[in-house]
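We begin with a single chain expressed as structure tokens, specifically the form predicted on its own.
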């Protein structure tokens, strides 16, 4: 079963949440951000090139124009490959673990897997960001030394920064799977 709902991020931008239910113990959540705007790309490119043309007219050195074109292209490629994330995915399987995948605008993917035995809980936490209180979903990892302690906090959906209503939907679904996993691990 699959459904899609629209939400907004902390800045008011559009986000699309796709929920896929493969089985009662396996669910996937994909948060998609808007693609790179052609308008903003054109504005940045024109600004850099106009500044370079202004310097060229003062210095009359054609290397300035060539350098501006080269720097703009390198900057755009770097932004698409290392910064702009189009989609973030959270896949949770109760007997296996949690997989988080970030898909960049260039097609590059970054995946992190956490074994279910290391997961203590999934919570919604709050933080202060740019003079606002924001909420984020995070995975609490068990401390191997102290059984009741937490060794690490792993944030989820770092790039998309969805609002609380979206996080609550993902949180409830994850808690269902964690409760089911804890029930099966205590009752052999």
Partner chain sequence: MVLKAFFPTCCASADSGLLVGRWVPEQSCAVVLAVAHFPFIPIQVKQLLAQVRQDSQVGVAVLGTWCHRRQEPEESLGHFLEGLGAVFPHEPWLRLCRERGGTFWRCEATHRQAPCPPGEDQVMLIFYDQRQVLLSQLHPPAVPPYRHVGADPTSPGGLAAVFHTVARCEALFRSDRFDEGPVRLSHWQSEGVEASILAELAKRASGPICLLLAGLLSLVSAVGACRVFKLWPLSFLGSKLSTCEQLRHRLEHLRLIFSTKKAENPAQLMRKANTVASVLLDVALGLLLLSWLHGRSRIVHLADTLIPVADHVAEELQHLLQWLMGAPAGLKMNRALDQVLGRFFLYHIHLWISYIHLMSPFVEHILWHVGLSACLGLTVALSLLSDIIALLTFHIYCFYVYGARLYRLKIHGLSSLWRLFRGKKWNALRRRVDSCSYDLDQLFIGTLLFTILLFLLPTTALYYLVFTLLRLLVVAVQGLIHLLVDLINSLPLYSLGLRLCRPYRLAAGVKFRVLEHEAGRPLRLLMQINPLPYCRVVHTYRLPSCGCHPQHSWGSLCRRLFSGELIYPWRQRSDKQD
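Numbering follows the first chain given and starts at 1. Just so we're clear, the structure is a prediction, and the values are computed from it rather than from any experiment.
Not on display, but discussed next: the form predicted together with its partner chain.
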(request) Indicate whether residue 184 is a 4.5 Å heavy atom neighbour of its partner chain in the model of the complex. (result) yes
(message) Is it the case that residue 91, even though its partner is missing from this view, gets within 4.5 Å of its partner chain in the model of the complex, heavy atoms only?
(response) yes
(message) My question is simply whether residue 22 lines the interface with its partner chain in the model of the complex - judged by any non-hydrogen atom within 4.5 Å.
(response) yes
(request) Look up in the model of the complex whether residue 26 has a non-hydrogen atom within 4.5 angstroms of its partner chain, and give yes or no. (result) yes
